[in-house]
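First, one chain by itself in structure tokens, the form predicted on its own.
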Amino acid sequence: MGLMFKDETYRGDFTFANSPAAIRHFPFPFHEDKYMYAVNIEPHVPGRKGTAYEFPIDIDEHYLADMRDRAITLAEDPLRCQSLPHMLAAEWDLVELLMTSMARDYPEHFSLTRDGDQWHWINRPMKIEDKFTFGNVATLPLRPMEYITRQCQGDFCLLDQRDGDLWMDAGIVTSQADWSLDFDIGMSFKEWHAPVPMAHEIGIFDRALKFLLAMQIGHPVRRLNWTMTINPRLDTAPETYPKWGIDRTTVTPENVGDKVHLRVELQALWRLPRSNAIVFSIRGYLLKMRELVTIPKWSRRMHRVLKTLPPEIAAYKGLSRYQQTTIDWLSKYDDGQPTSLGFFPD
């Protein structure tokens, strides 16, 4: 059965919600009852059916709503999509990766026909159909990266490899957890990770960079990152902080279940064939506490993780103000029973 796309909003009246299937699809980020930074990188191979890991590029019931929200954000702030001149080959690499993945794994919604460099792309949900010459920017209505990422869920950064480092030289970032592409564009790997507390001291980024520089074509990897967000808001960028920062003061014991959302990023990285760049995809998922507690293992674990979270991490993730209120609310869903290791529901 094909996907059913929901008509919902990530701003204004916030009508976003997850169906029962989407709750089980959610990439819960805690494999045990506590949390500490780790590289936690694994091969990005097809995973369990019905989960966010089933296909390399995940399209779900929120697809059309995500794409509408991206268009709104780009209209308000075009600098959320930037690419330095030398990144054009990497942009075309990204077009190929996304189009081939989406057409292969969701053939009822997307199709791609290739005859040499003459390509024919059809996106049925968004009613887009274009014929273009691969490699010729003039044959597309937008630059290649912007064209395809306006049609694919998640943020994307293109990292150029040179001088033994990775440089964030292109990207489209409209659903980030409080960081700015406009600020980070052109930065090196450690420069854009500089704000993260504790991880530098324990050598996380040294190991991660060494690993990524050695990445091979055809062997993508993934990891999970997480934070928490008040209201189901995709755009929590520094540029729009006046709009969403105040939300953190609005959590009460009565509204925790609907306001407080676990926000998880499924981050994947691919080595690109022509440019030798790396694409870093950041696919964001939101799950309100009331939805999370429908999975008993997750409700127990979320309570225990928040209760034992180091204060530095809580402060960095911006959840100190409402952390205890959320712990108190979750406590009634934690019966003290042991939990099984791993991310998936029992």
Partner chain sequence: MTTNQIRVRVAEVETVAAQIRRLKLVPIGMSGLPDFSGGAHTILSIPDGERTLRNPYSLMSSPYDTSSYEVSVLKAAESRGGSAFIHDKIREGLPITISAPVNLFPVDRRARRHILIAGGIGITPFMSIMRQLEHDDVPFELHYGMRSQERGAYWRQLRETYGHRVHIYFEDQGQTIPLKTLLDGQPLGTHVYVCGPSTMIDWVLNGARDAGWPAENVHYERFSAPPPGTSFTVELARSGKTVPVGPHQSMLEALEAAGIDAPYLCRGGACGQCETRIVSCAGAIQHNDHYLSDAEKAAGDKIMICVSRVDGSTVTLDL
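Positions refer to the first chain, counted from 1. Quantities reported herein were computed from a predicted structural model and do not represent experimental measurements.
Although it is not shown, the form predicted in complex with the partner chain is what the next lines describe.
Enquirer: Only one of 257 to 265, 271 to 279, 104 to 112, 151 to 159 has heavy atoms within 4.5 Å of the partner chain in the predicted bound form; I'd like to know which.
Expert: Within 4.5 Å of the partner lies stretch 271 to 279.
Enquirer: Can Glu96 be called a contact residue for the partner chain in the predicted bound form at 4.5 Å between heavy atoms?
Expert: Result yes; Glu96 sits at the interface with the partner chain in the predicted bound form.
Enquirer: Wondering, does Ala89 line up within 4.5 Å of the partner chain in the predicted bound form on heavy atoms?
Expert: Yes, Ala89 is a contact residue.
Enquirer: Does Lys127 reach the partner chain in the predicted bound form if we count a contact as any heavy atom within 4.5 Å?
Expert: Although the partner chain is absent here, Lys127 would stay clear of it in the predicted bound form, with no heavy atoms inside 4.5 Å.
Enquirer: Might Lys131 be said to contact the partner chain in the predicted bound form, defining contact as any heavy atom within 4.5 Å?
Expert: It does not: once the partner chain is placed as it appears in the predicted bound form, Lys131 has no heavy atom within 4.5 Å of it.
Enquirer: For the stretch 205 to 222, return the residues whose heavy atoms include at least one within 4.5 Å of the partner chain in the predicted bound form, in the order they occur.
Expert: Counting only heavy atoms within 4.5 Å of the partner chain in the predicted bound form, the contacting residues of 205 to 222 are Lys210, Ala214, Gln216, Ile217, His219.
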